[in-house]
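As a starting point, one isolated chain is supplied in structure tokens, in the form predicted on its own.
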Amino acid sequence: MIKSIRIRDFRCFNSVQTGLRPLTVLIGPNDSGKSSFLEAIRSVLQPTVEFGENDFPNRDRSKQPTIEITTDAGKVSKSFDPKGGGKPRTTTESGALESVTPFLFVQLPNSGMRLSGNIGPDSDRAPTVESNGGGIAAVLDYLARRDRDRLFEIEAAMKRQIANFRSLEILRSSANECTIKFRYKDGTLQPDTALSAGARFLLFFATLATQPNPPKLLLIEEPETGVHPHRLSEIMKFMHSLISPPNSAGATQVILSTHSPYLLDYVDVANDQVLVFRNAESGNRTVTPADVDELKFHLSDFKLGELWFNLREEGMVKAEGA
């Protein structure tokens, strides 16, 4: 697990340092640095990938971006080396990188993902979903053949959220291709082209949380996209099941960004982390943990999302000097 991160001169950040928890939620207005924060984590976990032009503050290549994460097993750092021909300089303590990889950075297409695809050769090792939502067909086909209990869990989750849903139909069009369709209670069979993006997003998150080989770290941008507000409770159940899995799979650390106060209602302020992103007058971005003690005082009368909506970012953190 990533315990803390320090970012200097990377994109919109001058200097940021903060702790992280098993589930951390990033909130803040547009262009406040949430996406750049997730990109910083992805960058340091891909130590050989060079810094791009946009990774330098204001594209100023005299700056030297530096990102350092501290994991349960040690530190991993990545910095720009002006003497190294543009190559990044990386330092990794033994086992530190392995403790948070493989990781998955989820950025789902607004129109929803396809529910068909290549399933590859049969293997004892289960396939995994992909960052753009692909791979669902391969995972579900594997579960149908080798782990029906997990498949039933996914179908049960879909039944809780889609009233007329009955089952998933996993249809092979060839030895290496399959398509997922929804079977409804009246017998109707719907292909993915007839399904709403929201229904496909729900299936993605259910599959992500139930697959046999979840990533050690999950980064997600705006999981609420295309999903009805009432269904966000189910998505957050999936996220909490990943950090405290009920089965033998290892725990996954989840870091996600959101613009939805409804999603924030399902954050456990006692155990989860809320990081508040703001734009400073200097143009830099700040990252501040939410004032948990103050928020707890109000949660008997208001939901967390209501507090964020009404108090805005400034009311979610301790006042300076307090």
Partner chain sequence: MKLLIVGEGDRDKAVLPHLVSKILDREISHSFEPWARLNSEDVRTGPKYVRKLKMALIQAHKSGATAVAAVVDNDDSKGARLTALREARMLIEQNTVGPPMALGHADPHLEAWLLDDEKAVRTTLAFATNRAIRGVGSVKSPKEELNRLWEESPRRRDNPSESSIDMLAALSRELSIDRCNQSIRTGLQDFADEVRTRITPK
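Because the structure is predicted, anything quoted here is derived from the model rather than measured. Numbering follows the first chain given and starts at 1.
The form predicted together with its partner chain exists for this protein as well; it is not shown, and the discussion that follows is about that form.
Just one of Glu68, Asp265, Asp55, Asp272 comes within 4.5 Å of its partner chain in the predicted bound form, counting any heavy atom, and that one is Asp265.
Contact annotation for Asn14: none of its heavy atoms lies within 4.5 Å of its partner chain in the predicted bound form. A residue is said to contact a partner when one of its heavy atoms sits within 4.5 Å of a partner heavy atom; Thr18 fails this definition for its partner chain in the predicted bound form, lying far away. Although the partner is absent here, Glu50 lies well away from its partner chain in the predicted bound form, with no heavy atom inside 4.5 Å. None of the heavy atoms of Ile5 is located within 4.5 Å of its partner chain in the predicted bound form.
Applying a 4.5 Å heavy atom cutoff to its partner chain in the predicted bound form picks out Glu294, His298, Leu299, Ser300, Asp301, Phe302, Lys303 from 283-304, in order along the sequence.
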